[in-house]
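As structure tokens, one chain now follows by itself in the form predicted alone.
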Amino acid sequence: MDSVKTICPYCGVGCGLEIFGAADKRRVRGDRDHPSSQGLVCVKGATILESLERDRLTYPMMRSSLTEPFQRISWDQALDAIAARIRALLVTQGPDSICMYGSGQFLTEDYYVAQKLIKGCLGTNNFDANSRLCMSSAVSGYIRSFGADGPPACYDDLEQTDYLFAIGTNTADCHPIAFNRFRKYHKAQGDRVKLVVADPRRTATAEVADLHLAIRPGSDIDLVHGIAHLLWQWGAIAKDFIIDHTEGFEAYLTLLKDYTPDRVADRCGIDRADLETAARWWAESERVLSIWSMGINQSAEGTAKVRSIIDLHLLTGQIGRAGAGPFSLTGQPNAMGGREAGGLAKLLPGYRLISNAADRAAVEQFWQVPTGRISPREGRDAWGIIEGLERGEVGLLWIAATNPAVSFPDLNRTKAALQKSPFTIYQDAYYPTETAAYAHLLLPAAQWSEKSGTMTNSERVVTLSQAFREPPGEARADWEIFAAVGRRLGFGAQFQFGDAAAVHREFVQLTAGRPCDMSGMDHDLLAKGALQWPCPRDRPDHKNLTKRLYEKGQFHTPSGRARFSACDTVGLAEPPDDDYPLVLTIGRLYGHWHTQTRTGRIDKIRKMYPEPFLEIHPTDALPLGLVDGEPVVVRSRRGVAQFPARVTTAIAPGTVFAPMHWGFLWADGAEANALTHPAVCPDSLQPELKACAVRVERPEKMGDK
């Protein structure tokens, strides 16, 4: 076959891939023409083809209870069952008894059709996605500070900055190609370019830092405010920018006065001299870029953390120009596309809000649904779905392209709630998965390589993911499944899409004139190369458009000014104590992807990471008699797990780390999220998956209560 250009379906870097060779000998390489990855590819992208035909779900299956085996059924039977259940619930419990939980693995077209079905036709906003666990704090922070979502920086800034401040991100492992671009530049520039990493672990990112700040979990705001305090004290602030382009500075300044260097160094567990070095380098740098990911977002004060980082950029005018800005790195490949399509419980397409009456009216008119059909109530967020199941308020749960039986917090409680679901639809490409054990109806979904559509990466670059093989068996694209259900429910006029290109043409009309304007894009244009938004229809050639947002200092707030937040810190939702004296933090590894639904079926990656582990500092391991490589028991207030110990100085004393990838299918009893708690940020509703209190024991205590 001729080569096909597409996008890697793993992390938010959004690397371009090129597939070439005959159908039985296909190979993959990096797309040298792609603006984001420039031909580079990591081990996940390089091995992606190996997973496509392994353990695939190829036809619908159904059962009446979780104790019975699945039976094969036809698509007509499956769609009729869904439509009948929805009709009954609309009469007996109302639309808010219906919930859908989606994924950043969706193409934007999948996301969009799901929004039209759930929010526009059924009249409930109960659609949430695993982006809630990933980047919703960044969404909330951008909206509150700038008036709209959207990372203002781009990957080119990684090669133009003087100072990269990486906080709450192990970029080298979790966004490797973006980090490789910076690392090459960092090496070439020598001492002129600084990398500061704030992380309790000495990660692969921290290993190459000019300064590693091994801060205590939960002290991120202290650190950022401590740097800001010193900059203000030294007079190293952008006074004209603050006066001309911001509001709320006086309240912010009042807050900063309490974050003195000694207090901050003590709370963070770092030397005052290192704090001052980080601040001095910021003051001396002409261009400062901050990057963060789950270490910031997955927190009960995640929005406050994001806004504190943004505040630091507003204080110094480090935004809207090359090499500078606050830059969130999305975890999912299409988390950005989901945000654009309205794929969270408080959003509508085109960066609109459920809470805004004018936004609701505009979408209702466009979708040609009755006035008032879109509910003014924000829908259930991810954890709100679990609580709804517990209370018997959810009559149908539709899960697609994600695996919450591994990825959700407080897994014992999550699984108990899933068992209570009267009817769970699980739509995925692979079988078995952990979540399939809690489903009544399984729907086979086409995955990457088998359907065409778009994805948007962390720098707002939209890439066409092109199909180059047929779906196995009876698998269908996610958007086609949603549309088929919509037609069965009587909404034929809303779901007359001939193909994914038609879905995209309709969707981008809702972005016209919005901050995420993509009205100048279509599949034909994207087939010639990836494009970055804003890309309005009057300039579809994408020439002379900005790579960075807010270059003129104009923001999307009513005043046109960015808002300082003045967010004080409250620390961890569950701090350590005498009974649970350590803080567990969880995260990803370089080769694996989330819950191993795909990467666990790739031999090379499984050999790289044959088992999970627990990192623990020798200071914490020695009193317990723990030996490197031997089993160790970790216990929290919610659950218990067992891992091989990895005794290492790469983790700060008082903190332990476990990867989140292993569910019960891959390593029974080593589920890190069985230990975590469901406390959420009040603004973003993102759970604090990054920190919980635990104690560590020898295995002989495993049976103790």
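Start at 1 and count along the sequence shown; that's the residue number. Since we're looking at a predicted model, the values are computed, not measured.
Absent from the display: the form predicted together with a small molecule. The rest refers to it.
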Heavy atom within 4.5 Å of the small molecule in the predicted bound form - the one residue of 463, 293, 115, 137 that qualifies: 293
Single option in 339, 313, 307, 175 placed near the small molecule in the predicted bound form, where near means a heavy atom within 4.5 Å: 175
Touches the small molecule in the predicted bound form: residue 446 (any heavy atom, 4.5 Å): yes
In the predicted bound form, residue 327 touching the small molecule (heavy atom, 4.5 Å): no
Exercise: residue 403 in contact with the small molecule in the predicted bound form, heavy atom 4.5 Å: yes
4.5 angstroms heavy atom contact with the small molecule in the predicted bound form for residue 593: yes
Candidate stretches 240-248, 80-88, 429-437, 262-270 - the one whose heavy atoms come within 4.5 Å of the small molecule in the predicted bound form: 429-437
Contact check for 154, 458 and 516 against the small molecule in the predicted bound form, heavy atom at 4.5 Å: no
